[in-house]
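The chain that follows stands alone, in the form predicted on its own, written as structure tokens.
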Amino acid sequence: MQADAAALSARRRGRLRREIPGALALAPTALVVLVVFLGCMLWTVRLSFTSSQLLPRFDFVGFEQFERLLGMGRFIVSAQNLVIFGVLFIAGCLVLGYLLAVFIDQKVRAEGAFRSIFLFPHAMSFVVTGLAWQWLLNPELGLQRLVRSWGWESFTFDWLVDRDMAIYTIVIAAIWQAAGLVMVILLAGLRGVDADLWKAAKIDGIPTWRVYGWIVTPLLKPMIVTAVVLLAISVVKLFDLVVAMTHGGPGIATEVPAKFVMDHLFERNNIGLATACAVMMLITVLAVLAPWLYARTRGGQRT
């Protein structure tokens, strides 16, 4: 018994000696996460329940800022724009990225060049992308003027200055910028499909499009989920592309929550209202991610 206890104690000491260096190495990162990320998050939530204006206050006004926020037309428009942008952006990137990945998967010539061309827009920031598309879609400078110079005087493409269509120009620019990333993720999944599956489908005479649609696509579920999560993060962070292309206009037609927060935080000096909007965005993100995290947790327990 004494020998077993001594051996157990020795194993514990050995395990501690192995784990302590790793824990010490991770301690600074864990401290940053606790202090910076969680601390700022809790600080933001606290300020959303105050009447803070230019400087933080430490009073408590309950849900007054949230009630005021939900009664503002500008915030409602920004929330609607974020939903429209998010749905179209994620769907557009998945469809276009998948089609590009299938195209590359056909082992076309100059595959490396095509990959670089499709992925190149993702190397640029949203600011550069926004400025380039602003120029292209400007009725006085870009596509409309070019086509009219070719003789089609009646051609009109003024979505950028149309209140009803301006948000869709931002969707187009964002899809162009992010579809290459989706292509890379899905192409990696396509290259991981077992070659025997393709041989079996060929022997059975199944058309290629049906193999991609009904057999290969379900196998790409982990890659698709990864792409959706990355794209969803871009949706929530949407700010610089809007500022670069329309600055929220015409009027407030392309306003988004992140711009609402920045405007009220640094220009309108209303910290309480800005942090209330930030908390609403946080709640939305948690509501979207909760089902995915739950599914991953259940999946991990089953395996």
Partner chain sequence: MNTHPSETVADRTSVASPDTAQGRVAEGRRPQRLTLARIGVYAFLIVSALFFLLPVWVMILTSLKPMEEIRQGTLLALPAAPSLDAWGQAWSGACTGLNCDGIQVGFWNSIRILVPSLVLSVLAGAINGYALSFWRPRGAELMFGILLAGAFIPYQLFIYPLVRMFSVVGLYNSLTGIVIVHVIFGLPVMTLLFRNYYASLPVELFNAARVDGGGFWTILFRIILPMSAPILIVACILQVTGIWNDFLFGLTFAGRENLPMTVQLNNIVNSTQGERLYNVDMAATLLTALVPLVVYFVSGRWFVRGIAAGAVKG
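Here the rigid core means the biggest group of C-alpha atoms that line up within 1.5 Å when the two forms are laid on top of each other. Residue numbers count along the first chain shown, from 1. Computed from a predicted model, the values in this text were never measured in an experiment.
A second form of this protein, the form predicted in complex with its partner chain, is not displayed here; the remarks below concern that form.
For the candidate spot formed by Val128, Trp150 and Val243, every residue has a non-hydrogen atom within 4.5 angstroms of its partner chain in the predicted complex. With the partner removed from view, the residue among Leu82, Ile170, Leu231, Leu100 that has a non-hydrogen atom within 4.5 Å of its partner chain in the predicted complex turns out to be Leu100. Taking the partner from elsewhere, Ala295 is found to have every heavy atom lying beyond 4.5 Å of its partner chain in the predicted complex.
Using a 4.5 angstroms limit between non-hydrogen atoms, Trp176 touches its partner chain in the predicted complex. Contact annotation for Thr156: none of its heavy atoms lies within 4.5 Å of its partner chain in the predicted complex. Its partner chain in the predicted complex is approached by Phe118, whose closest heavy atom lies within 4.5 angstroms of it. Residues of 84-119 that come within 4.5 Å of its partner chain in the predicted complex, judged by any heavy atom, are Leu96, Leu99, Leu100, Phe103, Ile104, Asp105, Gln106, Lys107, Val108, Arg109, Gly112, Phe114, Arg115, Ser116, Ile117, Phe118, Leu119 in sequence order. With the core held fixed, Trp209 shows a CA shift below 2 Å between the shown form and the other one.
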